[in-house]
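To begin, one chain is listed below as structure tokens, in the form predicted alone.
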Amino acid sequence: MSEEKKHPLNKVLIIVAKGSIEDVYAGLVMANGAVMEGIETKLFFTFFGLDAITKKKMNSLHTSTVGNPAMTMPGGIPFPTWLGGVPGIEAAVSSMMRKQMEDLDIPPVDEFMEMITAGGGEIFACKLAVDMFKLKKEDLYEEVSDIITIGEFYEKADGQQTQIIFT
């Protein structure tokens, strides 16, 4: 006899405001986990987080090498901040990170979003940021449900037990 899982919340609203690999994937992993647990899930991409849902950029995100105190080189040696400014280093580190994720069978951004939406999750773009970066709906990933304001996104909580997560 299986027992149905019960969660302290009914819904999660996740706001992704940064466009680096590590920030986008944090939001995607949390969203996918929530969908898999049967929690209603909505993602809102704003400012540089829009890169994750912009067709031309979504599968070529970069990782931040400058100002990232957690960044280390092989052997656990701290990554020198100045090294991130050397041409080609950020691209190489980003490529290495994408390769490590691929080796762990972590899907690329578009496939991850497809999994989330197939499970019932919804994706929204921030109207302010879309306008600011002069994007159009056709520039965005097909699974983006709508371009809305942050107020409209908050309304999606519907007064239920909802957790809002900002990455």
Partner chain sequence: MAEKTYAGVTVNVDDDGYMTDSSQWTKEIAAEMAKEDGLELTDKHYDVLGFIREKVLGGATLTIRAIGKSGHTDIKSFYKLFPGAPLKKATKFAGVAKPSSCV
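Positions refer to the first chain, counted from 1. Here the structure is a predicted model, which is why all the values come from computation and not from measurement.
What comes next is about the form predicted together with the partner chain, which is not displayed.
Taken together, the three residues 58, 60 and 141 all stay farther than 4.5 Å from the partner chain in the predicted complex, as judged by their closest heavy atom. With the partner removed from view, the residue among 132, 26, 36, 66 that has a non-hydrogen atom within 4.5 Å of the partner chain in the predicted complex turns out to be 36. Although the partner is absent here, residue 32 is a contact residue: one of its heavy atoms lies within 4.5 angstroms of the partner chain in the predicted complex. Using a 4.5 angstroms threshold between heavy atoms, residue 106 counts as touching the partner chain in the predicted complex.
Not displayed here, the partner chain is approached by residue 115 to within 4.5 Å at the level of heavy atoms in the predicted complex. Stretch-level contact analysis of 45 to 53, 123 to 131, 98 to 106, 66 to 74 against the partner chain in the predicted complex, using heavy atoms and a 4.5 Å limit, identifies 98 to 106.
Residues of 54 to 69 that come within 4.5 Å of the partner chain in the predicted complex, judged by any heavy atom, do not exist; none qualify.
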